[in-house]
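In structure tokens, one chain follows: the form predicted on its own.
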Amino acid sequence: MPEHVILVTREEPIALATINRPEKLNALNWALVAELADHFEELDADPAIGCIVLTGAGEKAFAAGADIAEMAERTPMEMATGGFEAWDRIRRIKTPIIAAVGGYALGGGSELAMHADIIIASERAKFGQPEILIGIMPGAGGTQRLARTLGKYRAMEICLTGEQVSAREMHAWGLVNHVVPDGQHVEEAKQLARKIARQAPLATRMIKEAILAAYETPLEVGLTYEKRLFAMLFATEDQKEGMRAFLEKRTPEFRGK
């Protein structure tokens, strides 16, 4: 894999991570996902970064699936153990991530977009899980995240037919937050990222944690979890500053403490 497959640009308080394989339609392979996880973890540990935008280089694709040449001769054991650790590392990132999707987000590319917390898509963006067309199935969360977001019936149709779905349809179904004119998806994502990054960092991370927990817990457990995080924030300096600024009618200065 060539150098600089992931390009990271810091525009504090946000960062932009770009998958840089436009000649391969930003196809994913294990090394690329591991490198992306490395960058995300570095950014996650940086208090100067409050939100991360993820996109793909070029106009044609966010990421048009996995690198089939790499996968074709893999054994079941290799596929079961090899590359999924990096996906799990991305899932554990605490900093909010916005996927800026222009062009194709297919297979692993669609699954990568769904690892983000917010999705901004261009008008021409296409989503899909075409694994069925080559005799396999989604393996990085596609069946699970689509079912939880779109419901059983739409998830079944998408995964069983391999057909592509437009950004407008995904927006109507609740997977995409905003659809913007072609070429504006990155800038729109960066504007939203800056808005998020201005908020109290500890509260931002706890909100992400609580919402993700809602996918995995019964309502009663989730409500208890939310209350605990809510109470913990009253031990922070940012809570004092935020409420004091509200009462004094000024903009708060959050410090992540």
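The structure displayed is predicted, hence computed values, not measured ones. Position 1 is the first residue in the sequence shown; the rest follow in order.
Quick note: we don't show the form predicted in complex with a small molecule, though the next part is all about it.
Undergrad: Residue-level contact is defined here as any heavy atom of the residue lying within 4.5 Å of the small molecule in the predicted complex; does Leu106 satisfy this criterion?
TA: It does: once the small molecule is placed as it appears in the predicted complex, Leu106 has a heavy atom within 4.5 Å of it.
Undergrad: Hey, in the predicted complex, does Glu169 get a heavy atom within 4.5 angstroms of the small molecule?
TA: Output for Glu169 is no: heavy atoms all beyond 4.5 Å of the small molecule.
Undergrad: Verify the contact flag for Lys60: yes if a non-hydrogen atom of it lies within 4.5 Å of a non-hydrogen atom of the small molecule in the predicted complex, no if not.
TA: Taking the distances in the predicted complex, the answer for Lys60 is yes, it comes within 4.5 Å of the small molecule.
Undergrad: Does the 4.5 Å heavy atom contact test between Leu25 and the small molecule in the predicted complex come out positive?
TA: Yes - in the predicted complex, heavy atoms of Leu25 and the small molecule come within 4.5 Å of each other.
Undergrad: Counting any heavy atom within 4.5 Å as contact, can you tell me which stretch out of 142-150, 106-114, 178-186, 91-99 lines the small molecule in the predicted complex?
TA: Result of the contact check: 106-114.
Undergrad: Looking at the small molecule in the predicted complex, do all three of Pro13, Pro47 and Gln199 come within 4.5 Å of it through at least one heavy atom?
TA: The answer is no: none of the three residues contacts the partner (heavy atom, 4.5 Å cut-off).
Undergrad: Which residue, Val221, Ile68, Leu212, Met232, is the contact with the small molecule in the predicted complex, using a 4.5 Å heavy atom cutoff?
TA: Filtering the options by heavy-atom distance leaves Ile68.
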